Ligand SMILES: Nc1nc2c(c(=O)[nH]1)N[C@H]1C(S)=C(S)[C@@H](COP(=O)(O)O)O[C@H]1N2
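Consider the single chain below, provided in structure tokens and representing the form predicted on its own.
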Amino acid sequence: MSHDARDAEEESTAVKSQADETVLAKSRKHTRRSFAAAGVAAAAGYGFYRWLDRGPQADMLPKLLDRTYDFNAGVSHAVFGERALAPTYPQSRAEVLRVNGVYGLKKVLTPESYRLQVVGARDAERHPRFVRDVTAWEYRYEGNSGEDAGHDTKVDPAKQTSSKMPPQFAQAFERLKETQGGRPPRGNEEAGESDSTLDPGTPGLLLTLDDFVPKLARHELVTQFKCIEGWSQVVHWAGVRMADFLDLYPPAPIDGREPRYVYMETPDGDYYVGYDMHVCRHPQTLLVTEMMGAPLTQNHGAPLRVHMPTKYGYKQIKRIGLIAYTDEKPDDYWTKLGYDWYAGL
């Protein structure tokens, strides 16, 4: 190689080396900045989480997240409303609904003992089924349902509420049970007793299915049941429209208007749900007595359950024991555990 060629090669190598050093220097500088920025972002994120976690709570949620739920519900109301109809499907697509959620269903209800308590109905005292105290009615059971009682609960299903309490409260719980004539305590599930449950001595109606099902038009729907867990199924339902039930047993007016809410719970109050009145009047909201062409089974909520195709499944209460009309926003099982009250699709 000539002298000039060697000099040119050495000069080229020196230029490349200088360029590499420049790139490495800039890279180190940017890497330090990136790590510093990432550290600040991580610290800020953790600080925000701690602020949320330690801040005021509402329904087991930080208030900011609870307000976000309310904001999202408001947007959904404004954009979609509760008037739109859910899609319907050919009956050939329907299938038997999986059992999911056995709160309030863990014992087999004796069919003859079933009564639907209705509270807040207009002119209830004139009805032949009126009683001075609907809470005095005793439901009878025939042992456990046989369904896995713990497949969807976060606590040991073998433990009753009283066994999870401090001793002094457990003793008070047992004394309360004695004062109730030995009837089972209410609120045995994870969310505890409802704040909207009836006080002893509440007057109302005690209805059998024959008091309203034969009097109302039978409706069938083939709609999609959607679970908050992410699965869905198309199911064939039959029963009576909730709107027709509300017309047959209308709510007593409050300040000249209809109450804003409807509250439902299972017999003995282990599961409970609150609804806006207009959702109950939606034309696809059914009081279901049949599924897939057959009467409801115990684990699917016999003898009476709700189907609301515009709501997630946790709003569709099974084995309804109480329907109460109220102007105060009622308690709701899953809302107490941090879920959304609206539960709209």
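Quick note: we count residues from 1 along the sequence shown, nothing fancier. Remember, predicted model here, so these are calculated numbers, not experimental data.
One more form of this protein, predicted together with this ligand, exists but is not displayed; see below.
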Site test, 117, 263 and 280 vs this ligand in the predicted bound form, non-hydrogen atom cutoff 4.5 Å:
no
Sort through 251-259, 96-104, 204-212, 135-143 and report the only stretch with a non-hydrogen atom within 4.5 Å of this ligand in the predicted bound form.
96-104
Verify the contact flag for residue 284: yes if a non-hydrogen atom of it lies within 4.5 Å of a non-hydrogen atom of this ligand in the predicted bound form, no if not.
no
Could you confirm whether residue 307 comes within 4.5 Å of this ligand in the predicted bound form, counting heavy atoms only?
no
Check whether residue 289 has any heavy atom within 4.5 Å of a heavy atom of this ligand in the predicted bound form, and answer yes or no.
no
Considering non-hydrogen atoms and a 4.5 Å limit, does this ligand approach residue 245 in the predicted bound form?
no
Listed residue (216, 108, 86, 227) with a non-hydrogen atom within 4.5 angstroms of this ligand in the predicted bound form:
227
Partner contacts for 328-342, taking this ligand in the predicted bound form and a 4.5 Å heavy atom cut-off:
334
